[in-house]
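A single chain comes next, written as structure tokens; it is the form predicted alone.
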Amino acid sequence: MAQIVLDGVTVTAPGDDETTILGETSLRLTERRIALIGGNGSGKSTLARLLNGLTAPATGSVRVDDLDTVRDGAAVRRRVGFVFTDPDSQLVMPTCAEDVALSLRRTRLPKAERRERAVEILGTYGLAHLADVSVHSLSGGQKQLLAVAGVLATDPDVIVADEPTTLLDLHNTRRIADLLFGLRQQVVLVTHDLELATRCDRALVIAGGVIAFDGDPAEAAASYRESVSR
């Protein structure tokens, strides 16, 4: 597993030094499955975005093993893949095969070979028959599955998934969750779904930009339920 270390990290709103989004945070994340739980605006997505450099800290540092997310941003993003809540934010090419092939551009394979490899990857996730279908015609579940496939095509060591099941029905929630929990990669899962959180090895509850609980997922879920019932 990767060693993800946050050392004295804070995040402030862009252009406003007075508004703190994430208070001073120091963490060492080494478990295989880690859940981030919290209400809307709590800071959990900000914490997730720190892990692959989508958000830069105002103070402190974030490291993935020996890579700094600011200094070594491109290398970090090769190691840490990010799955967004809304796949429409992630799918940018006209067809499924083209979208996965775009993820493979770093391989420098010839275009025909990238296409062939993209179709193989789609087949791994049961999407090969949709290779030449417009991404805009897919169902919500298919779009999220395609988004995950595109991230996994680059074979990162860590997957950060920011509420990947929020827009899905129960069937597709289970499908995406089972896929993520079955991966060899380390997974950091931002979720409102406490059932999914309890499948992790460790859970953090974020409230008001600070870590309110860090530990056993079942205890974290109970702590979060208690906090929202007050």
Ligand SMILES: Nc1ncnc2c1ncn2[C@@H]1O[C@H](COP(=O)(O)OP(=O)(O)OP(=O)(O)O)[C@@H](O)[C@H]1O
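For clarity, every value in this text was computed on a predicted model and none was experimentally measured. Just count from 1 along the sequence shown to find any residue number.
Missing here is the form predicted in complex with the named molecule; even so, the following discussion is about that form.
Heavy atoms of residue 60 never reach within 4.5 Å of the named molecule in the predicted complex, leaving it off the interface.
Contact annotation: residue 53 falls outside 4.5 Å of the named molecule in the predicted complex, judged by heavy atom distances. Among heavy atoms of residue 40, some come within 4.5 Å of the named molecule in the predicted complex. In the predicted complex, the named molecule sits within 4.5 Å of a heavy atom of residue 14. The partner is not drawn, yet in the predicted complex one stretch among 27 to 35, 177 to 185, 44 to 52, 194 to 202 has residues with heavy atoms inside 4.5 Å of the named molecule: 44 to 52.
This chain is drawn without the named molecule; in the predicted complex, the residue among 211, 21, 9, 220 with a heavy atom within 4.5 Å of it is 21.
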